[in-house]
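Here's a solo chain for you in structure tokens, the form predicted on its own.
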Amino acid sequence: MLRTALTDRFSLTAPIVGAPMAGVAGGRLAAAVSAGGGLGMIGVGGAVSPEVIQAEADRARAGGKPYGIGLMAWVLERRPEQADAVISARPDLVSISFGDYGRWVGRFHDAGIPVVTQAGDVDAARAAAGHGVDLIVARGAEGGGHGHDRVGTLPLLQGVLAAVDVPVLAAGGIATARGLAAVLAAGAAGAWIGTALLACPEGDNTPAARKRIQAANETGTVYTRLFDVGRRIPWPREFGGRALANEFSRAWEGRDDELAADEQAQRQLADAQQQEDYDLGCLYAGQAVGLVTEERPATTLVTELAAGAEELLRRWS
């Protein structure tokens, strides 16, 4: 069994944390990741109510394994009741990223809940350690969903490991046993995986979305703000998102300000999302998407990633 600071702290058998992908990672997916020996996370979107947070937490903990909940700092400024709901749910880990997360760390620590945050460069990782977080996610530019597009995973991981004493998880581009083994060999305490879970049937995304993910390749993503601007989601400007490129992103490339004033385009994008039309609608995914070629249960995926990485590390040593 692979042992790291992550597995020891949370009594895991796989050094894997499921990324808290809002709209995909609900309690069912979190429970499946945890059943495989990792730590599943629930992603909380901006419109999620405290009642929904509690219901998803109940689903995640039903299997009796550790689980976590991911929050967005910029949303908490508007909806602090989400933090109250998470404290009431008592997860084993809370993730707070994307905005002024530092002011929330002490509150979760006072409730006995460890905190992890994502960092897209070394300075951000140093700042996170200064805020007293328990773990840091070195999230490279390859990663799907929101974050920074500054540094690739491998150079970022090396820099962060050298800069902080806090256990570090690697994120971005990790979807196979080889990827997991590589970051563990470099010194990461584990991998934070999202894209690899996008074709798992336990996710809250649609069958059509899962098929689209399986058909994509590693060059088929784009880092952009267009989908947030088009849907009028008020993400801070500094955080774009990596998504599957499509007709909408190509048509509006470089025209963010024009899109922000185009009501017809907003309706077109909203209709596409409703109709599961991913030629126009948004599907967040990272550059590892080309490695996701089949639908597999999350429990099986996590177990196989860990077993494969352990075998590779044994072979290489």
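Numbers follow the displayed sequence, beginning with 1. Values in this document were obtained by computation on a predicted structure and should not be read as measured data.
One more form of this protein exists, namely the form predicted in complex with a small molecule; it is left out here, but the text below deals with it.
Given that the small molecule is not shown alongside this chain, does Leu180 nevertheless sit within 4.5 Å of it in the predicted complex, heavy atom to heavy atom? Flag for Leu180 set to no.
Would Ala19 count as touching the small molecule in the predicted complex under a 4.5 Å heavy atom rule? Output for Ala19 is yes: heavy atoms within 4.5 Å of the small molecule.
Find out whether any non-hydrogen atom of Gly143 is located within 4.5 angstroms of the small molecule in the predicted complex, and reply yes or no. The answer is yes: Gly143 has a heavy atom within 4.5 Å of the small molecule.
Is Tyr101 a contact residue for the small molecule in the predicted complex, using a 4.5 Å heavy atom cut-off? No, Tyr101 sits far enough from the small molecule in the predicted complex that none of its heavy atoms falls within 4.5 Å.
Please tell me which of Val94, Ala125, Met72, Leu169 lies within 4.5 Å of the small molecule in the predicted complex, judged by heavy atoms. For this set of options, the contacting one is Met72.
Under a 4.5 angstroms heavy atom criterion, identify the one residue in Val115, Ala188, Leu198, Val160 near the small molecule in the predicted complex. Here the answer is residue option Leu198.
Tell me which of 59-67, 284-292, 27-35, 254-262 has residues with heavy atoms within 4.5 angstroms of the small molecule in the predicted complex? Among the candidates, contact is made by 284-292.
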